[in-house]
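Coming up is one lone chain in structure tokens, specifically the form predicted alone.
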């Protein structure tokens, strides 16, 4: 199966960004096409501002739009949308379309609250971790901050997910030159930047090995300013990737816009699980503590 990862920049407004996304999808060749986190707009969580809740008002209209894109292209399409349920309840939702129909939806369950990533202000945590059945396979769709946790990856795999997919928005903070505190010194340090990027890649590579599945992450690129003036903004580091079920790097993007395409073999992953039977040897009777905040 051919998979296409759409790694792109924000184009200054929703209309131009969506137009560019559709153009990239039209150029892609994958049966499965995956978009990055909150791909319709800028990454607005850099600051806390109630004006951005307006982005969720068009959720139903957005669902119809991307369903039509999926239908016309005859693809399975993984999107990432800002969902309004009611005033005061909003979700960071990955909606999956299968050749024009809504195959399923996943609401981001782990929500960060860090400098430049103030997501708890905007998003209610999702309360369900379920794979989504599609015509190309069973997809374990998670979102960004979820990628740091082994639990949702393992749950998805135990429920039959054949691929773990992470739409993502992560990068380095851009600090104004006049701000020289400890945080900015760390963010501007080249070695520290490399450590952060490697940690992000390594933890997800581990999910592939531990669960015997393909892992795909699609990240933003480009620099987006912080309108609040608290920080300079975020430089999204791209590096979208696909890892195989033994942790092998199949492909990885760079720091620029690109369509990253790769062929994957889901049958091969099944054979790998026979060779590395990690699920067989789990000592589930010893894991009760994992359900507690601390042990």
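This structure is a prediction, so every number in the text was calculated from the model and none was measured. Residue numbers count along the first chain shown, from 1.
Omitted from view is the form predicted in complex with another copy of the chain, to which the following refers.
Undergrad: In terms of non-hydrogen atoms within 4.5 angstroms, which of the given stretches 95 to 103, 194 to 202, 74 to 82, 219 to 227 touches another copy of the chain in the model of the complex?
TA: In the other structure, the partner sits against 194 to 202.
Undergrad: Mind checking whether each of 38, 70 and 136 has a heavy atom within 4.5 Å of another copy of the chain in the model of the complex?
TA: Contact check failed for every one of 38, 70 and 136.
Undergrad: Even though the partner isn't displayed, in the model of the complex is residue 20 close enough to another copy of the chain, meaning a heavy atom within 4.5 Å?
TA: No.
Undergrad: Just to confirm, residue 114 within 4.5 Å of another copy of the chain in the model of the complex by heavy atoms?
TA: Yes, residue 114 sits close enough to another copy of the chain in the model of the complex that at least one of its heavy atoms falls within 4.5 Å.
Undergrad: Does another copy of the chain get within 4.5 angstroms of any non-hydrogen atom of residue 127 in the model of the complex?
TA: Contact check for residue 127: yes, within 4.5 Å of another copy of the chain in the model of the complex.
Undergrad: Answer for residue 15 alone: is it within 4.5 Å of another copy of the chain in the model of the complex, judged on heavy atom distances?
TA: Flag for residue 15 set to no.
Undergrad: Mind listing which residues of 77 to 111 have a heavy atom within 4.5 Å of another copy of the chain in the model of the complex?
TA: Stretch hits, in order: 109, 110, 111.
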